[in-house]
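In structure tokens, one chain follows: the form predicted on its own.
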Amino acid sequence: MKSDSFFEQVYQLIATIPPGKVATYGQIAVLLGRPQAAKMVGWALHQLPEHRSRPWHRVINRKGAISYDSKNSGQSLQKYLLEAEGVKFDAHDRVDLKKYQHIFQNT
């Protein structure tokens, strides 16, 4: 499968995550039939064209935390966007996945 095709599948899947919910990189990878591709999901989100309106901020790591990039540029924005949707972070800047993780239907 071409990475562009995989990227498009990532974009389509994350578009279904409702406000106030999150998914993990690994969860997305498993749902797309590529359980070892969590980092590739992250790369797809990093490459998301600015003109594409997708809720990239609703994808976090398996620990319930925001993953930092080398510039940490999106971390504050991501947390802000999630909090604006009602997602709460604990004292360690983690989200309770039992409460906020989206369960995809018919995927």
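As the structure is a computational prediction, the values presented were derived from the model and not from experiment. Numbers follow the displayed sequence, beginning with 1.
There is also a form predicted in complex with the DNA; it is not shown, and the following applies to it.
Undergrad: Is residue 81 one of the residues lying within 4.5 Å of the DNA in the predicted bound form, judged by heavy atom distances?
TA: Contact with the DNA, no.
Undergrad: Using a 4.5 Å heavy atom cut-off, state whether residue 55 contacts the DNA in the predicted bound form.
TA: Taking the distances in the predicted bound form, the answer for residue 55 is no, it never comes within 4.5 Å of the DNA.
Undergrad: Can you tell me whether residue 38 touches the DNA? I mean in the predicted bound form, with a 4.5 angstroms heavy atom cut-off.
TA: Result yes; residue 38 sits at the interface with the DNA in the predicted bound form.
Undergrad: Flag residue 100 as yes or no: does it have a non-hydrogen atom within 4.5 angstroms of any non-hydrogen atom of the DNA in the predicted bound form?
TA: Because no heavy atom of residue 100 falls inside 4.5 Å of the DNA in the predicted bound form, the answer is no.
Undergrad: Where, within 14-36, is there a heavy atom within 4.5 Å of the DNA in the predicted bound form? Residue list please.
TA: Those in contact are 24, 25, 26, 34, 36.
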